[in-house]
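In the structure tokens that follow, the same protein chain appears in two forms, which are kept apart as structure 1 and structure 2.
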Structure 1
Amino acid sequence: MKFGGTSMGSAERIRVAAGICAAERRKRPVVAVVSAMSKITDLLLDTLRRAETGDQAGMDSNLSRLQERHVETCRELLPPEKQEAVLAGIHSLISDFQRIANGVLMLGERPPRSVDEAVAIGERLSAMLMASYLESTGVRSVAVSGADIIVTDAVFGNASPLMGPTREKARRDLLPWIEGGVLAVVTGFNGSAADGRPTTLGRGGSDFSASILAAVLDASELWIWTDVDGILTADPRLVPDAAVLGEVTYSEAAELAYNGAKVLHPRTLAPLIEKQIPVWSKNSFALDKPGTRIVSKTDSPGGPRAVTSMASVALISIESESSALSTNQLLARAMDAMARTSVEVLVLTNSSYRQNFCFLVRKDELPVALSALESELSLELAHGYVRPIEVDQNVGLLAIVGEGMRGTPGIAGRVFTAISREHINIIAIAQGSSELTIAVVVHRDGLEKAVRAVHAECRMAERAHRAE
């Protein structure tokens, strides 16, 4: 059972989450994985940024907010006689964070490994609160740090798990709790490198923590509790009439997540596919709703099922100026340069006739992408064999996802017509080789409108309702 930030957002929500775990535990063993309380990770990161720029006042005010939120929650959650020990625990974790923040303040620098160590505090606070509450209601429970179980590489801020060593640790240090009937509440988002240095799995990474643990513990199911009714045909914040999908395949869910559906961390499904562990996405605010089941095969008739979008992206265009340098050569070298960085190429299209190609990256990865390209192509750029690299930051990505879209003729055409009808500029199009996704890059201003237009044109809500 994984509980996201909103599902852990207050004493009331923690009670509900604990209740869900306790009820299920009467039927079968349960491990809980928790996120930090909502907005806490943002607050911790903001505090470190302020520390880096020497903004001591801002840092102190953030620290008070951090303290207040958890102290208040603790007082609301626990009976008075249980509060003292937990309040001491809260103070001690916040002092650890403060120590790191002071280090950042003094150095004027935010080393990624210190950031990872510091932000882990958010999940450690929420796990402690949940485990203490469970104990206070008579459910034997223990808070476990994900850093003691999940072994990762040393890519701070976006680490990848080492499944073998993680399995060993989970079997050695987590399984005995489960077998002993103790409900372990594990902190999501954090792990540690083989040498013990703390790491994190990327923003939203608690979903990934839960799927890693589900895989290494051979779980029968993974339930991801969030604040919407499951996986919807679109982000309900953009498309109010988006409908819940009863079932989606691992591939569909992964495509949706990779193309911006925040409801799942992109890497969540990979560890589960091999063992075919089913996943449920459920609403902790509406326990009667069935949620979405993610499985390897569904009965869905196929065709476009959901649309996602990403706003913070940038399009990089590269064009050869000389026939001595073919588009293929240029493309190979550019992609090679990207491969040496951690930059993810989201969409790529090319024109051999015009000797150019363009690809999409996340805005926060743009500086790394550009410096890698400029150093790879420095000579060609200097001698004018390659035109100056162009960047368009005023774009957005939209992706239409559905198993079996190949079998639905005319989809691409309908999508383009629907977007053009809204007078939105289409900048690039790509159909994934999996034929599961059509990606469209549009002018940023039209992104939300384009999402709504595509959702309506493909009748996604109606199709989802009909499949129910």
Structure 2
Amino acid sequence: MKFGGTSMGSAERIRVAAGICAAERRKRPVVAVVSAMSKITDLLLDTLRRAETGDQAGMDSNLSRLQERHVETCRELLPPEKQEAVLAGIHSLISDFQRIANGVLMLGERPPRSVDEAVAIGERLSAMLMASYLESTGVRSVAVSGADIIVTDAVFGNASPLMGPTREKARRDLLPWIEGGVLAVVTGFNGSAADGRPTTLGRGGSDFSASILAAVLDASELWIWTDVDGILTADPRLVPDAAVLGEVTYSEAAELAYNGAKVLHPRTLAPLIEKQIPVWSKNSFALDKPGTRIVSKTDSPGGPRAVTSMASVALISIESESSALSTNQLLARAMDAMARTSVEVLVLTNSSYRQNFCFLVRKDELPVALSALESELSLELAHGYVRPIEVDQNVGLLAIVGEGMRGTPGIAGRVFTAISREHINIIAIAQGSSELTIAVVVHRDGLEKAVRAVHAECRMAERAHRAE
């Protein structure tokens, strides 16, 4: 069971999370994986940024907020006789973070390795609080650092697991606790390289930690607890009648996540697919809601199942000015530059005749993407073989997802017609041969209307209710 930041956001929420684990543990063994308390990771990162720029006052203010929040939670969560040891643990962990922040302050820079070690403090604090609360209620529990179990490569900030060594460590160091009836509370998001250096797992890191552990421990299920009722047909802030999907496939969940839906990160699903471990997405704020089950196959009706969107994106366009430089060559080099810098390409489309192509990236990755492209194509840009790189930040992405779209005629036509009825211009279109997703790039000011139009045209809410 994995609990996100909002599910760990206060003493009250930690009690609920612990209660969920304790109730399930009476039926079968449980491992909990926890995120930092809501907004704590952002606070830690902001503290390091302030340290890097020499903002001692801002750094100290953040450290005080960090300590106050966890001390207050501890006092509210635990009986007085159980508080002293945990308060000492909180002070010790925050002192470790302060030591790293002071090092950044002196250096005037944030080494990636130090950042990974520092931001893991948030999860370590929440794991200690939850394990201590479980112990105080008579449930045998232990806080475990993910760095002691999950072995990764040395790509700081976005590490990937080494499943063989992780399995060995998990079965040697974690399984005995489980077999002994102890409820282990493991920190999400963090691991360590083979040489012991701390690493973090990047976007969706705590979910990823949970799926890694589920795979190496041969779990029967993985439950992801968040603050939404499950995976919906659309963002309810944009589409008021969005409905919860009872079941989706691994592929559908991955595509929805990749294209902006607040569900599992695509990497999270990879360790589970081979072992066919089902995943539940559930709401810790509404325990009566059944949630969404993610499995390899479903009996859902054909056609689109959900539409998702991303507003904070940018479209990069590259065009050759020389027939000596083919689009394929240019495209290969551009994609290689993105791969080297770990920039995710969300949509890619090209024109053979004009020898140009465009691709979509997240706005926060745009500076890195442009720097990598300008470096890779510096000679061609300098001599005019390639036109100046164009960037359009006034765009948005919507993606229509459904396994049942494969081989069903007319869906793309209905989608484009629905968008055009709203007088929204389509800038780019992409659909893979699997026909699992239709990705559409539109002007930013028409994105929300396009989402609502497609959701209504494809009757997604109605179909979701019919499938229940």
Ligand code: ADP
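All values derive from a computational prediction rather than experimental measurement. Here, a residue number simply tells you its place in the sequence of structure 1, counted from 1. Only the largest set of C-alpha atoms that superpose within 1.5 Å between the two forms is called the rigid core.
Chemist: Pick one: which structure is the form predicted alone?
Modeler: Structure 2 is the matching one, since it is the form predicted alone.
Chemist: With the core lined up, does the C-alpha of R444 move 2 Å or more between the two structures?
Modeler: Shift of 2 Å or more: yes.
Chemist: Any chance the CA of A311 moves 2 angstroms or more between the two structures, core superposed?
Modeler: Yes.
Chemist: Align on the rigid core first; then say whether the Cα of D336 has moved by at least 2 Å between the two structures.
Modeler: Indeed, D336 is displaced by 2 Å or more.
Chemist: Can you read me the CA shift for R237 between the two structures, rigid core superposed, in Å?
Modeler: Displacement of the C-alpha, rigid core superposed: 3.4 Å.
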